[in-house]
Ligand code: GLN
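What follows is one chain in structure tokens, specifically the form predicted on its own.
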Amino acid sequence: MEREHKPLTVGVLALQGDFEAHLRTLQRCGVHAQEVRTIQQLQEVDGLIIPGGESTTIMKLLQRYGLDTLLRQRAEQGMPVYGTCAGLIVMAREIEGYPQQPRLGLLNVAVARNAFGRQVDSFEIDLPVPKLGEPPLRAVFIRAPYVTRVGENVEVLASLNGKIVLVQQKNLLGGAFHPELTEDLRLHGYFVEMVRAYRKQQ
């Protein structure tokens, strides 16, 4: 009963990367956004965004602070998790060319790191995402990965030039780009609705 009286809370993993932009975007979506750095904070949220950054560093810090085990447990129990760019890599089951890189292994996909090129190759593009309707989503790609293979229960939500850049597997969402760097709130709003549906089931 106690949880029912708390506001819907979406956490943003705040160990490394541009987590502040996600926090601002969630606040613009009208929900309570919380930085997550500790086990207690992870226990308090109804959903979690893993931001961009450096995937190896993010995973090492998850392990150092003991968050990786709890995050896996909560995701497997249905808590929505959304990984952007490096967050997608951290969530993936397989990282091509880096079989020893630690990862959460939640999302039944294989990803290629830095697949769109180096920092200087970063770009913005209008990306059709049929589930979000019209117009296309403005997508910012920065040293972005992409999904090379999808497994069971994974739905492809968007592709760019034949490369998969947005996927959903039940309560898990993974994207190669940075929606938090644009004014378009639709993708964060979509995730918030996933979190809201999860909260109602609790």
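This structure is a prediction, so every number in the text was calculated from the model and none was measured. Numbers follow the displayed sequence, beginning with 1.
Below, we refer to the form predicted together with this ligand, which is not included among the displayed structures.
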{"query": "Interface membership of I89, this ligand in the predicted bound form, 4.5 Å heavy atom rule", "finding": "yes"}
{"query": "Any non-hydrogen atom of C85 within 4.5 angstroms of this ligand in the predicted bound form", "finding": "yes"}
{"query": "Exercise: Q73 in contact with this ligand in the predicted bound form, heavy atom 4.5 Å", "finding": "no"}
{"query": "E54, heavy atom within 4.5 angstroms of this ligand in the predicted bound form", "finding": "yes"}
{"query": "Heavy atom within 4.5 Å of this ligand in the predicted bound form - the one residue of V150, I142, L160, L61 that qualifies", "finding": "I142"}
{"query": "Partner-facing stretch of 165-173, 142-150, 26-34, 39-47, counted where any non-hydrogen atom is within 4.5 angstroms of this ligand in the predicted bound form", "finding": "142-150"}
{"query": "Residues within stretch 177-193 having a non-hydrogen atom within 4.5 Å of this ligand in the predicted bound form", "finding": "H178"}
